[in-house]
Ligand SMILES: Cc1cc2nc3c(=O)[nH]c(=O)nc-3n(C[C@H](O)[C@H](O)[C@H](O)COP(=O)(O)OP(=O)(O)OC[C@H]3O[C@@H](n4cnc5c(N)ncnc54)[C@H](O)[C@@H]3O)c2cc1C
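A single chain comes next, written as structure tokens; it is the form predicted on its own.
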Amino acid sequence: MTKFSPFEVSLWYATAAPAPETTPLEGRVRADVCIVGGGYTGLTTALELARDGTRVVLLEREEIGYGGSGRNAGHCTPTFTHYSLPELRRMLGEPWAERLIARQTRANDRVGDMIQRYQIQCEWQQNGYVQAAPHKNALRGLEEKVRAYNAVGAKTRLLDRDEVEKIAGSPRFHGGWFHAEAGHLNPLGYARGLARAVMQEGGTVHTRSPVVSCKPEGGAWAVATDKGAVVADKVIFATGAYTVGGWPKLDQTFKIHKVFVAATQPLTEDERRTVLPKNTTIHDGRGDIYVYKYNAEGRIVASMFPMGRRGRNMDYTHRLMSDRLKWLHPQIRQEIRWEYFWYGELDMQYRTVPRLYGLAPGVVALTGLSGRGVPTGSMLGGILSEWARGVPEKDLSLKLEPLTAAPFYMNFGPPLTLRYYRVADWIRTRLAGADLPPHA
């Protein structure tokens, strides 16, 4: 069995609102739809269905938000990573691309609505997101993002050097792309709040209920756990990178790639007046990313990908992250202490776009969020609930496809790609005559 990173060591586990009281499944129950996986995708699907009166039972192997939904850095930016919108249209074709773009770019509407409707306590702040230009030559690509995203209804604009410094509080950026609709939150608090909302709407949630099999039974499907079974007309697997059993070879549709997140001690009030003064999320604009924001206590929460010693040697990793943060914000005078440090696992796809698999009549699975957790998982519930209600395949926003194993090169492709980005960053920054951050 795959061994996942420790869960209880994260900042979110220490600070999230309590989970609703749940119990393991015992005995046999009947449902219209059984959902496997207690992350954003499974929870938002269950919420959509329960709200419509569908008998829905959700099974989670560990606890709500145990996977990426409780471990991510808490950014909620309704965009696509890696691919531009024109590239997505060429890759996915129509009508699939336009449908998915519409869902993803309006995902924060869904997130904000659910948080407000169910009064979810999750530190929700919607103060925007900045993808910075680390040198002047990066501005051209950001201008293209403004045109592409605004054309589909997003509220974005290009920032000049003075504007980005006022928002980010850093003198290191040459401009930036500002997405006004982006936000950030406590991701585990959000997941737990969604579970509470499902139960409030009449859905059933069972934790500590690992699914061991899914087999046909009397024209329906029997989803068995170690102590019981759910007999349902339709079954949805939404377990992402934390897939363990349940359906043969489902865990081979992606490759696990790790990311780490760390949180500092709370910054002083004086520091907060000039460091991220608008409480936005900041992406430093490099391919070898450094993304950071505040939590409700005033801690900087930053994330990076492991590479070489980074992520393995803790002294070096803490020093690198501190040096990068102080380089970006020289007004931070105190010694930085990284008081929380944790890992998450990503279900990486070679296209970084979620994949919807038809496993059998009445059974589907969705994997491959590839790190775009909060907005993507939240909008996917709309797609999966439509499938469960019987919306024709041709009208869904994701194409239903046969189960396909991730290609072999995904074992080494993502790490090599990150190294390529790092080298490319170094070359482009040097050619632009700009400064490089420490340890670049």
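In this text, residue numbers run from 1 along the sequence as written. Just so you know, these numbers come straight off a predicted model, no measurement behind them.
Here the subject shifts to the form predicted in complex with this ligand, a form of this protein not shown in this document.
K.L.:
Using a 4.5 Å heavy atom cut-off, are E62, T239 and P375 all in contact with this ligand in the model of the complex?
P.N.:
Every listed residue reaches this ligand in the model of the complex, so yes.
K.L.:
So, in the model of the complex, is T243 in contact with this ligand at a 4.5 angstroms heavy atom limit?
P.N.:
Answer yes; at least one heavy atom of T243 falls within 4.5 Å of this ligand in the model of the complex.
K.L.:
Using heavy atoms and a 4.5 Å limit, would one call S209 a contact residue for this ligand in the model of the complex?
P.N.:
Yes, S209 sits close enough to this ligand in the model of the complex that at least one of its heavy atoms falls within 4.5 Å.
K.L.:
Does this ligand get within 4.5 angstroms of any non-hydrogen atom of A132 in the model of the complex?
P.N.:
No - in the model of the complex, heavy atoms of A132 and this ligand never come within 4.5 Å of each other.
K.L.:
Taking heavy atoms and a 4.5 Å cut-off, does L369 contact this ligand in the model of the complex?
P.N.:
Although this ligand is absent here, L369 would touch it in the model of the complex, with heavy atoms inside 4.5 Å.
K.L.:
Looking at heavy atoms inside 4.5 Å, which stretch does this ligand contact in the model of the complex, given the options 258 to 266, 172 to 180, 84 to 92, 143 to 151?
P.N.:
Selected stretch: 258 to 266.
K.L.:
Between 11 to 42 and this ligand in the model of the complex, list the residues on our side with a heavy atom within 4.5 Å.
P.N.:
If the 4.5 Å heavy-atom criterion is applied to this ligand in the model of the complex, 11 to 42 yields V36, G37, G38, G39, Y40, T41, G42.
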